[in-house]
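Let's start with one chain on its own, the form predicted on its own, as structure tokens.
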């Protein structure tokens, strides 16, 4: 901190390559691959349902489902490692993710669903598995886990937002795993190209990767509140001395530009998805390949017995 009370990085490399860097990098790259795979898979499944360009659609769908089958379980494992790293360096975020308002000295439950009640400091209508959170986070059913009751109220993140965004991300991750295993089962049975229900599910899962990525970043950024620099600088103390009209003008400009750019990009991508898939190779479904042009047919006469000998 300098004389003006500002935080100044002494080493940018340590800022960039902080303890969470490798975990977030792997988690985000895998998320990008899965997001792309499910978009490609949805387009391939859509064309299979419509029976358009079946050979190319089969290729698209098959490659996307291989990606889902292989990468989804790896992503779940990477997410688990990321969670353990977060527990070490940002434990309050994990408390909000897990919905642990109270400390659990003899093993914490895994709360699957519920409604966070921040006023009463509890999860209403909780559906939970006893001690399973301690097993996941500490690999010990009876390991103690601290709760938000050990944190001052003004230093807690918005629990409801983090609680739900985390479950949206994890839920979609397991749905992707389910689609991957379903496709593997169909592949083994030889029905990957003909399973309409799998194709419909893949179409519905097309935008799921984008939702999961957004939910993950909401979990990350909202979960570290109220800090800009974790444990050092509060977000409330990071506000620049800029007049409200200037902030409003820049915000409106951002909104307009983003709507134009993302609107045009989304329109273009949807147009691409609607078009038939193409590749540089001719489509075998359209007929045989003629590599040397149209060859003349056999003579109609019986010259030299060619008709009888198959010349």
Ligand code: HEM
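Numbering follows the first chain given and starts at 1. Keep in mind that this is a model prediction, so the values were computed, not measured.
Keep in mind that the form predicted together with the named molecule is not shown, yet the notes after this line are about it.
- Taking non-hydrogen atoms only, residue 57 never approaches the named molecule to within 4.5 angstroms in the model of the complex.
- Although the partner is absent here, residue 47 is not a contact residue: none of its heavy atoms lies within 4.5 angstroms of the named molecule in the model of the complex.
- Under a 4.5 angstroms non-hydrogen atom cutoff, the named molecule in the model of the complex has residue 82 among its neighbouring residues.
- The shortest heavy atom separation between residue 176 and the named molecule in the model of the complex is within 4.5 Å.
- This chain is displayed alone, yet in the model of the complex one of 28, 63, 70, 273 has a heavy atom within 4.5 Å of the named molecule; that residue is 28.
- The contact residue chosen from 141, 151, 76, 110 relative to the named molecule in the model of the complex is 76, the criterion being a non-hydrogen atom within 4.5 angstroms.
- Only one segment in the set 121-129, 187-195, 166-174, 235-243 has residues whose heavy atoms sit within 4.5 Å of the named molecule in the model of the complex; it is 166-174.
- Residues from 186-210 that approach the named molecule in the model of the complex with a non-hydrogen atom within 4.5 Å are limited to 209.
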